[in-house]
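A single chain comes next, written as structure tokens; it is the form predicted on its own.
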Amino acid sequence: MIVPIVFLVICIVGSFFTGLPGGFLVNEMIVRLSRNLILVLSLLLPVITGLGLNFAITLGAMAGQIALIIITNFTIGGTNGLLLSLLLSTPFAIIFGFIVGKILNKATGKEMITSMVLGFFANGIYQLVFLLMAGTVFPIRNESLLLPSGVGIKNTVDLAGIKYSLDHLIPFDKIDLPFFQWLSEYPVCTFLFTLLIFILMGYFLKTKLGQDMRAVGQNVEVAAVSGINVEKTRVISVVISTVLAAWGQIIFLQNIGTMNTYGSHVQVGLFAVASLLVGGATVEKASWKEALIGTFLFHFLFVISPLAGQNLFGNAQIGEYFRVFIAYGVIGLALVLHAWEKDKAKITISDI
């Protein structure tokens, strides 16, 4: 619990130097929690199954962005566009997750670094497809998506057609009552969807497959002797993780309203992993509580860092450097501690 406590102290102290009103900070955190929680939640099953921190959720984010490009190409917006994007992203995410799971089964003991490398590799293929093949191999009917040369998707895609389509799914603003007018300012439907995912995740972990995942995460050899198909269970865990990441990226981008075609997915794995670790999770243990606490603390730091840096040092960029340092530093520390604990366990076993 030391990590979330330290971050909480940093956030409280930093908030005093921002000069921002408490109401603004609360509103900002409600929005950030609603659009980031599912991305962080997508990391839980791989950790529970013993695969560690799945940096390859980047591929899930790519699946979500592929679906968004498709619906934008056919100019399908509103709730229909959102639902279609969730539907279209799912088969892509399943395929990507299956491939990642199979590869991670071949890299037992090195899953985290392998998943990170897979994210970089997949990003190269993604850029090849949308920079060189879009408009040539793959016809694009919506010319506003293309670069001036007519080949390749633009760096920024306007998602105005589905912006807030989930956040404001229920038109509270049209109900002439003070309470509903107040609700209309917040992404209530997004929170309800996230809550549904949390509930379904809790129920899933109580099923036989969910218990199998826990057993595999606790001891692979014992799980195999018990008749559990370890490799299949690990693959399913990664597939579900990738699908949730695809949905999470769509929900994130519908709130933002624009998509950086070649950059929106790049930091997804890093920031989601950092959020989970900040909440007190480890490489081998994580739950929804750490996901919720970590997402709040990590993104609260994101809100206050630039302004706190400006007020303290006269340079907002210092705050930017600090939060990037925190993101990489907390991941590096977690990996070092994980390696140290494994070495310590090996020494203890050899002494016996």
Partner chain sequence: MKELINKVGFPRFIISVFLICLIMLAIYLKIPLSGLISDILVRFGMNAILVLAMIPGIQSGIGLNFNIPLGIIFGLIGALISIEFQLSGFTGLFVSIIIAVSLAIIAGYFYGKMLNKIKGDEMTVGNYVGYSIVSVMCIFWLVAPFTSPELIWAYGGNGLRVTVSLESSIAHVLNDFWHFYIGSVRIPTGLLLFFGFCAFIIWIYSRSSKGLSMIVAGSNPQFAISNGINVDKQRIKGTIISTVLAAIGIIIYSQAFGFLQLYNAPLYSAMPAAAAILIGGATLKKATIIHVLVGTVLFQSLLVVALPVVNIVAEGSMSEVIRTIVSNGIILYALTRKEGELA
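Values in this document were obtained by computation on a predicted structure and should not be read as measured data. Residue numbers count along the first chain shown, from 1.
Just so you know, the form predicted in complex with its partner chain exists too; it's not on screen, but the next bit is about it.
S.K.: Give a yes or no for Q317: in the model of the complex, does one of its heavy atoms lie within 4.5 Å of a heavy atom belonging to its partner chain?
M.R.: Yes, contact at 4.5 Å.
S.K.: So, in the model of the complex, is M112 in contact with its partner chain at a 4.5 angstroms heavy atom limit?
M.R.: Because a heavy atom of M112 falls inside 4.5 Å of its partner chain in the model of the complex, the answer is yes.
S.K.: Even though the partner isn't displayed, in the model of the complex is F180 close enough to its partner chain, meaning a heavy atom within 4.5 Å?
M.R.: No, no contact at 4.5 Å.
S.K.: Do F300 and its partner chain share at least one heavy atom pair within 4.5 Å in the model of the complex?
M.R.: Because no heavy atom of F300 falls inside 4.5 Å of its partner chain in the model of the complex, the answer is no.
S.K.: Counting non-hydrogen atoms within 4.5 angstroms of its partner chain in the model of the complex, say which of L88, I103, C189, V157 makes the cut.
M.R.: Residue within 4.5 Å of the partner: I103.
S.K.: Quick one: of S144, N80, Q127, T258, which gets a non-hydrogen atom within 4.5 angstroms of its partner chain in the model of the complex?
M.R.: Of S144, N80, Q127, T258, the residue with a heavy atom within 4.5 Å of its partner chain in the model of the complex is Q127.
S.K.: Establish, in the model of the complex, whether A107, M116 and L132 all lie within 4.5 Å of its partner chain, using non-hydrogen atoms for the distance.
M.R.: Every residue of the candidate spot has a heavy atom within 4.5 Å of its partner chain in the model of the complex.
S.K.: Going by heavy atoms within 4.5 Å, which of 165-173, 72-80, 119-127, 181-189 lines up against its partner chain in the model of the complex?
M.R.: Among the candidates, contact is made by 119-127.
S.K.: Which of the residues spanning 26-61 lie within 4.5 Å of its partner chain in the model of the complex, based on heavy atoms?
M.R.: Read in sequence order, the lone residue that approaches its partner chain (within 4.5 Å, in the model of the complex) is F55.
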